[in-house]
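Only one chain is given next, in structure tokens, and it is the form predicted alone.
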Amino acid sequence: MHSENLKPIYSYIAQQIVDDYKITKGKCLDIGTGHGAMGIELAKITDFEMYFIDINPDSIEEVKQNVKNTNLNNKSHYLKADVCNLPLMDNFADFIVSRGSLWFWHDQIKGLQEINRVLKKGGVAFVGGGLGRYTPQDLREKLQGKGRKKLIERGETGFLSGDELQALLDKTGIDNCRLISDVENKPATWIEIRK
């Protein structure tokens, strides 16, 4: 799904993160940042020192420009890096977010293990592909309809959710985590890791 279609959801997810976790200071990694929308929205409502991380050098250049255009006051860093080999020390980040990139990692197990490694004690990682609890129902339905149509056109089954995410987590050896759903009684679309 094109990121312009998703642009409205990032502020909702950012507010949900702040409300749920009460972490607004320290180092925040936006992994698989793409255009930087998730990290930028988090930066707008926090005092995070932001680390925008993506394996694609074009994405890094684009997020630099997007941050400049947004006039953020947060200290910002840009890293071209693979989630499976983060060039950061252990216990580095206070908060880690990754929305929509998990399904594109060449080794999801190693990527989640790396996220767990660089997360500080007391920190939280929020990784997945949901639309967030705060996204209004009409917008949710509109986006899910477009997303399903595009997946069907490409012959894809979609993102991992529910039992598939649990099976992935079981292989990581990470025990300080749980699955989260945006909507009650629906399959989970997020992985939460807490240290």
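For clarity, every value in this text was computed on a predicted model and none was experimentally measured. From 1 onward, residues are counted along the sequence shown.
The following text describes the form predicted together with a small molecule, which does not appear among the structures shown.
- Just one of Ile55, Leu131, Val67, Leu165 comes within 4.5 Å of the small molecule in the predicted complex, counting any heavy atom, and that one is Ile55.
- Across the proposed site, Ser59, Ser101 and Trp105 without exception bring a heavy atom within 4.5 Å of the small molecule in the predicted complex.
- Proximity of Leu112 to the small molecule in the predicted complex: non-hydrogen atoms within 4.5 Å are absent; the residue sits far from the partner.
- For the chain shown alone, Ile96 is not a contact residue for the small molecule in the predicted complex, no non-hydrogen atom being within 4.5 angstroms.
- Using a 4.5 angstroms limit between non-hydrogen atoms, Ala81 touches the small molecule in the predicted complex.
- Although the partner is absent here, Lys27 lies well away from the small molecule in the predicted complex, with no heavy atom inside 4.5 Å.
- Listed stretches are 165 to 173, 131 to 139, 29 to 37, 44 to 52; the contact stretch with the small molecule in the predicted complex is 29 to 37, by a heavy atom cutoff of 4.5 Å.
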